[in-house]
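Shown below, as structure tokens, is a lone chain in the form predicted on its own; questions about how it binds or moves come after it.
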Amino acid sequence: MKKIDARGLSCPEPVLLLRRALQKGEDEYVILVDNGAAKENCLRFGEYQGYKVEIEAGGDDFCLHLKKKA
């Protein structure tokens, strides 16, 4: 599972980091973001790429778990 720490970055950088990681074709990823816009954009991009996305909120940070849909 690939872990991406995109905290402190504003859009579109978190989505670009996620895009680069998804090109490797792994089945699971975790991306950490710290703002609502990055959370929503990474959520939509992950779903568009065929991943199921679950979100955990912790304080100001969001942890998005992406798993490839079967």
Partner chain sequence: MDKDKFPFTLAAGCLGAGAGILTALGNPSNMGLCLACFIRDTVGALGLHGAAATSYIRPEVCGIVLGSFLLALYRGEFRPKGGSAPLTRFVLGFWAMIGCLMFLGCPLRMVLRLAGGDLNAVAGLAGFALGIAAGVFFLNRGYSLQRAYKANFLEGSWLSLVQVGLLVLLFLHPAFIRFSTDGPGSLHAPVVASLALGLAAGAAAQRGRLCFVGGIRDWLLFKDGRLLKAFCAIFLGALLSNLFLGAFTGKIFFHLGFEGQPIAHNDALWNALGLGLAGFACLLLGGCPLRQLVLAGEGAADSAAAVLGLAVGAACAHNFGLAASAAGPTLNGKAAVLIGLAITFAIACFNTYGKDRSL
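Numbering follows the first chain given and starts at 1. Worth saying up front: this structure is predicted, and the values here are computed from it rather than measured.
Form predicted together with the partner chain: not shown, discussed below.
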For the three residues A21, G25 and V30, which mark the spot I'm curious about, does each lie within 4.5 Å of the partner chain in the predicted bound form through at least one heavy atom?
no
Taking any heavy atom pair closer than or equal to 4.5 Å as contact, tell me whether E56 reaches the partner chain in the predicted bound form.
no
At 4.5 Å between heavy atoms, is K68 in contact with the partner chain in the predicted bound form?
no
Flag K2 as yes or no: does it have a non-hydrogen atom within 4.5 angstroms of any non-hydrogen atom of the partner chain in the predicted bound form?
no
Wondering, does F62 line up within 4.5 Å of the partner chain in the predicted bound form on heavy atoms?
yes
In sequence order, the residues of 26-50 that place a heavy atom within 4.5 Å of the partner chain in the predicted bound form are D34, N35, G36, A37, E40, L43, R44, F45, Y48
